[in-house]
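Just the one chain here, the form predicted on its own, laid out as structure tokens.
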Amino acid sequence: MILTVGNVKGGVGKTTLAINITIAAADSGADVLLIDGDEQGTAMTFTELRQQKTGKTDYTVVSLKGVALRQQVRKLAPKYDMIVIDVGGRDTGSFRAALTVTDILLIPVLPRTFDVWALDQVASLIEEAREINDALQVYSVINSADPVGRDNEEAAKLLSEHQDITHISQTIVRRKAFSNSVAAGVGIFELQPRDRKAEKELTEVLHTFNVYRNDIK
């Protein structure tokens, strides 16, 4: 499976999702490749920090951009059980390239009106990509949400109205555990002390793509 996490809107927590999906899949026994297709290189920086702080090398990470991303993914796909691609922040050649080769696009969206509206731009890219990659499956998920308030519900309603984009009902709340885990070079399931609510929310999203944690099935 090739899964891309991306959005044309920055600051939606896509890299945090991408690295947590990668770590969870690797922990379940899969041979996982994480591709950093973002010009900021955050996924690569996190992986270096992870290796320094924990000594873990449980997945492989490479940096690929633009046409090279598309070409190399096609070559590398048979060698791995799963490939996770972190792209976006804006409409880039890397994002467009990823859409032509990925099986699944996961779009994290903040529960704010402007962020939800940005999904229309992503939908246009998806329509173009499907002319080449007609099997592309697309999902949206509300990420970094407030614990309470009507914004989540209103955003979910708008996201559910998008044709050909499946909205995942599980909302991922903005929790300090996520930033703490990134700073420590670990995934949310590895963080001590554990945040059970964060783990449960992410687990529900993982199950959408048949990615399972060994201790949370």
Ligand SMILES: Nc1ncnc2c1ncn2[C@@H]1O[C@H](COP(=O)(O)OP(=O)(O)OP(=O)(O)O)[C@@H](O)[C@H]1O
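It should be emphasised that the depicted structure is a prediction, and the values quoted were computed from it without experimental measurement. We number the residues from 1 along the sequence you see.
FYI, the form predicted together with the ligand isn't displayed, but the following is about it.
The partner is not drawn, yet in the predicted bound form one stretch among 151 to 159, 175 to 183, 60 to 68, 24 to 32 has residues with heavy atoms inside 4.5 Å of the ligand: 175 to 183. The ligand is not drawn, but in the predicted bound form it has no heavy atom within 4.5 Å of residue 166. A residue is said to contact a partner when one of its heavy atoms sits within 4.5 Å of a partner heavy atom; residue 92 fails this definition for the ligand in the predicted bound form, lying far away. None of the heavy atoms of residue 100 is located within 4.5 Å of the ligand in the predicted bound form. Although the partner is absent here, residue 140 is not a contact residue: none of its heavy atoms lies within 4.5 angstroms of the ligand in the predicted bound form. Shown here without the ligand, the chain has no residue in 116 to 135 lying with a heavy atom within 4.5 Å of that partner in the predicted bound form.
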